[in-house]
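One chain comes next, on its own, written out as structure tokens in the form predicted alone.
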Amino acid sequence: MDVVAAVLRKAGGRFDLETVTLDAPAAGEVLVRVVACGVCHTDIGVQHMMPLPIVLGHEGSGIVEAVGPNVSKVVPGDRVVMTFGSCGGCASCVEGAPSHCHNMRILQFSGGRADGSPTMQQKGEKIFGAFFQQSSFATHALATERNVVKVTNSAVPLELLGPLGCGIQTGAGAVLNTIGARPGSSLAVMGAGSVGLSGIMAARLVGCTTIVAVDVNESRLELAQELGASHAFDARDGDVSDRIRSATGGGANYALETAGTVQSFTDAISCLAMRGVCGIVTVPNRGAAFEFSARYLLTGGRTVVGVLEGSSVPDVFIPQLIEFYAQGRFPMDRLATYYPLDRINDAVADSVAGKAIKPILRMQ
């Protein structure tokens, strides 16, 4: 079928709305009419490593229009959130850790299905898609049964829920699932973007008593305090780890690094109490090596753990977050700024500039 999609033809370039032809759903696949899709920094940061031209977008929500053979989880008319792809058969998936699926790179970043076949084309030209097994910067997306999550609470706005598929579940899951923050504990969060603020909301939800937000954006620090942070530090003032140790009475039990700079990475680790745990959701310098000593980890029994997708089992965790939101305990709507699809380039620019915390594209 013909759909309208935001096609990227040059890394770092503009998205252009074009008509492309999307495959009908094959076995195990689900066709979703996209209602809205969040803009994630991953959509921006991975452009240099993706095949082109491509349709990105991986925080989609919408209505099931059709299903392929052997699909039983959803039926046409169901409301769904689309999340990351996973194979279901590797050791990680079988053990309940799909965010560390052994086929992650193929399913998220190859530009095609698991078998390498494309999902869309334009007058004979291959258009790469299946980004996170969805490519939701479009009016319709082709997902798989494994990466759609049924939304049963009809009272919540579907257009808000797409970011639960990646950014919001990453921040909240980092705190609730990966590092397992305990009631009464302390948490330091480096970066008050959508991931960091989701971590702060989760920390308040679980009962952390000292929650420190660190950023360079004053308005985001103010919002962090409204969402649950007990302290807000401007990183430009320096001595971040010293201030955190003072605020927490000797060091944070947990830290969450979302800012992706060498300084924020080192501050997140150096602010930890004895046996403290730091979760990292990004890496400085696009993964390039930098000088770092592990002695502080060794002598203090401290741990650094990588976080992908909040260590989530999406069919379990996303409905939990939806209910927390419905109960007023997880106000993720405070992060959202909406744009029509034809203003996707404005949404991306505002995200990069820090003007919008979580841009969400409305497809209508």
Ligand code: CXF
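The first residue of the shown sequence is 1; numbering continues from there. Here the structure is a predicted model, which means the values were calculated and not measured.
Keep in mind that the form predicted together with ligand CXF is not shown, yet the notes after this line are about it.
Open item on the list: Is ligand CXF in the predicted bound form close enough to F109, C166 and L308 that every residue in that trio has a heavy atom within 4.5 angstroms of it?
Closed with: Spot residues vs ligand CXF: full contact, yes.
TODO: Sort through I179, I127, V281, V240 and report the residue having a heavy atom within 4.5 Å of ligand CXF in the predicted bound form.
DONE: Checked against the cut-off, the match is V281.
Task: Proximity to ligand CXF in the predicted bound form, single hit among I322, A36, C40, V67 (heavy atom within 4.5 Å) - done: None of the others qualify; the residue that does is C40.
TODO: Using a 4.5 Å heavy atom cut-off, indicate which stretch of 313-321, 334-342, 294-302, 40-48 touches ligand CXF in the predicted bound form.
DONE: Partner-contacting stretch among the options: 40-48.
- [ ] Answer for F132 alone: is it within 4.5 Å of ligand CXF in the predicted bound form, judged on heavy atom distances?
- [x] Taking the distances in the predicted bound form, the answer for F132 is yes, it comes within 4.5 Å of ligand CXF.
Open item on the list: Only counting heavy atoms and a 4.5 Å limit, does any residue of 53-73 reach ligand CXF in the predicted bound form, and if so which ones?
Closed with: Read in sequence order, the lone residue that approaches ligand CXF (within 4.5 Å, in the predicted bound form) is H58.
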